[in-house]
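Shown next as structure tokens: one chain only, the form predicted on its own.
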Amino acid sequence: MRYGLSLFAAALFLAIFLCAAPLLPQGARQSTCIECHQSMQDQARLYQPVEKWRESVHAKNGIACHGCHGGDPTTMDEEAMSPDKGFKEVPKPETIPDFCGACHLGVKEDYLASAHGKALGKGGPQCATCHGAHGIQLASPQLINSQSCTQCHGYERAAQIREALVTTDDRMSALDREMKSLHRVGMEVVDLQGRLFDTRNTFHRLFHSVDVQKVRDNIAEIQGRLSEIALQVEGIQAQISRRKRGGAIIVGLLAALTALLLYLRHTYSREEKSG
């Protein structure tokens, strides 16, 4: 009886763990910041940031509160939010580029050199204006839209930038899917994924220049990089196809050989009986 109860308890614990584990991405599961804030459901100002974060690109990549705000994510003690632990208060709008730029150095550089960056502190947009504060959205052409852009100015130039970016963004997404598919069948594509990652970063920097001509001038170079990556992906896919065809031929030959052996055995047995 005790043995049965132990098995039941173990199974129950495993089920609870498997159900609960997906709620937090890898790298964020040990964060006491999340545990504390999600318990404050009666205080929307403190609770909602965690809910928004769960849907963010940061959460999907295992980047939790302390990745941006610092502090000690391993303790509930008040010292967790001490400056001595590297904790950073909520940034003011004009300091957000420096706050985000601690990780996104290239993007910060292009942003500050752009018309948006030059309007910082004068009512101009900063990172959170387009990407959100906690529900951080990945840089993509979809962020360039009439609803967002017309809050400050006309949409004509922004529409030209978006049009120039869409095809390239779609191509990178398709290559990413193909490489993940190749990885799932055991093919070595780490170097290719790294090259695509670097190309995507260069591409995303273009978003922040808000310079139509710069975007158009650089798209050709990025498309060239993608063409090189695509050729290598096609080569790996062709290699897989050749292996499949070779495997099919071998299986066919083995099947034919098996059928021949069975026929010969049957013929031999029949001759023995008739003899």
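The structure displayed is predicted, hence computed values, not measured ones. The first residue of the sequence shown is number 1, and the count goes up from there. So that the term is clear: the rigid core is the largest set of C-alpha atoms that superpose within 1.5 Å between two forms.
As for the form predicted in complex with a small molecule, it is not shown, yet the points below apply to it.
Annotation: in the predicted complex, residues V107, L138 and R157 each come within 4.5 Å of the small molecule through at least one heavy atom. Taking the partner from the other structure, the small molecule in the predicted complex has a heavy atom within 4.5 Å of a heavy atom of T32. The small molecule in the predicted complex is not approached by K180, whose heavy atoms all lie more than 4.5 angstroms from it.
Remark: H153 counts among the residues lining the small molecule in the predicted complex, judged by a heavy atom distance of 4.5 Å or less. Remark: V185 does not count among the residues lining the small molecule in the predicted complex, judged by a heavy atom distance of 4.5 Å or less. Interface residue among E163, E94, D198, D77 relative to the small molecule in the predicted complex, by the heavy atom within 4.5 Å criterion: D77. Positional change of I63 between this form and the one not shown stays under 2 Å at the C-alpha, relative to the superposed core.
Relative to the superposed core, E94 undergoes a Cα shift smaller than 2 Å between this form and the one not shown. After superposing the rigid core, the C-alpha of S146 moves by less than 2 Å between this form and the one not shown.
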